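Single chain ahead, by itself, as structure tokens, in the form predicted on its own.
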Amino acid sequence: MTTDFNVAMSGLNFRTPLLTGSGTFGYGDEFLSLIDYAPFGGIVTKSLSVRPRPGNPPPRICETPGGGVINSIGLANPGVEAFLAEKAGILPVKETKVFLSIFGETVEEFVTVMSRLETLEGISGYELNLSCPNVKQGGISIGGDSSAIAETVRECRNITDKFIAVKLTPHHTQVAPLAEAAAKNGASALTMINTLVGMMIDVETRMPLLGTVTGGYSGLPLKPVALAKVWQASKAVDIPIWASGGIVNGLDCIEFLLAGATGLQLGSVLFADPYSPGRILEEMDDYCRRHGVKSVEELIGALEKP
């Protein structure tokens, strides 16, 4: 490849802009024997909470026409103490940068989880999940309230000097106040966007296809929504944006870079094709060679207006 894929974000250098979306890559260990980590600049783990969460009742996932997926996993995880005791050693910190996703139903829970995770060596930072739509409490209420976002980010920033990405909800038309609240209180980056709320029905049985009826809608159909949110957020704040939603090929990545993203999270595409990161980088490299682009950083925010 001839393109320089290195990107700098809030004091960290990433060998490529590709990351994994939280909840789509486990804790990274499952893929060690399957794929080359070289295409990734970093991974974001599945979310961790104070207490263990069994998750939602099955069925938990279904596909939709057009390349979409709806999930209702319910943030299942072993809890921070069990994670530290049983799983912390499996994190692939030697292969790539690792960012731990944190979820809490209160500011205090975010603080508790991060305080415990600060004992780990080798991790690069965190992603605060403030906007998960498939639970009844917690993220969606915090993520839609600029004052709650400000307090959560501020309290977490008081604990660590590591990188903190803040994952925001797409369910508000006004992105700027939420983005500004995160940026002004210590966020290193924003993740845009989390899943939308969706549902599917089996008309023969008249039953929903998910045990919780609704869940988090992700995949290719989300790209236009995510692009708009990334562009809006990039106009509101000066910190990096991690794009998340509908990326399946290299040209999708180029679109998000032009809209203002610096990091590019792969999610649903990894379920269908775990080897997609290498292909995506090759497709990005082809675009850059055709357009005389030497470094992907040249593309960030380079959208031409009509």
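Throughout, we count residues from 1 along the sequence that is shown. Here the structure is a predicted model, which means the values were calculated and not measured.
There is another form of this protein, the form predicted in complex with another copy of the chain, and it is not shown here; the text below is about that form.
Just one listed stretch, out of 119-127, 93-101, 172-180, 106-114, contacts another copy of the chain in the predicted bound form at the 4.5 Å heavy atom level, and that stretch is 172-180. Checked against another copy of the chain in the predicted bound form, the candidates A150, M199, I159, A88 yield a single residue with a heavy atom inside 4.5 Å, and that residue is M199. Taking the partner from elsewhere, V7 is found to have every heavy atom lying beyond 4.5 Å of another copy of the chain in the predicted bound form.
For the chain shown alone, A38 is not a contact residue for another copy of the chain in the predicted bound form, no non-hydrogen atom being within 4.5 angstroms. Interface residue remark: L281 is not counted as part of the site for another copy of the chain in the predicted bound form, having no heavy atom within 4.5 Å. In the predicted bound form, none of the heavy atoms of N185 sits within 4.5 Å of a heavy atom of another copy of the chain.
Residues from 188-211 that approach another copy of the chain in the predicted bound form with a non-hydrogen atom closer than or equal to 4.5 Å are L196, V197, G198, M199, M200, I201, V203, E204, T205, R206, M207, P208, L210, G211, in the order they occur in the chain.
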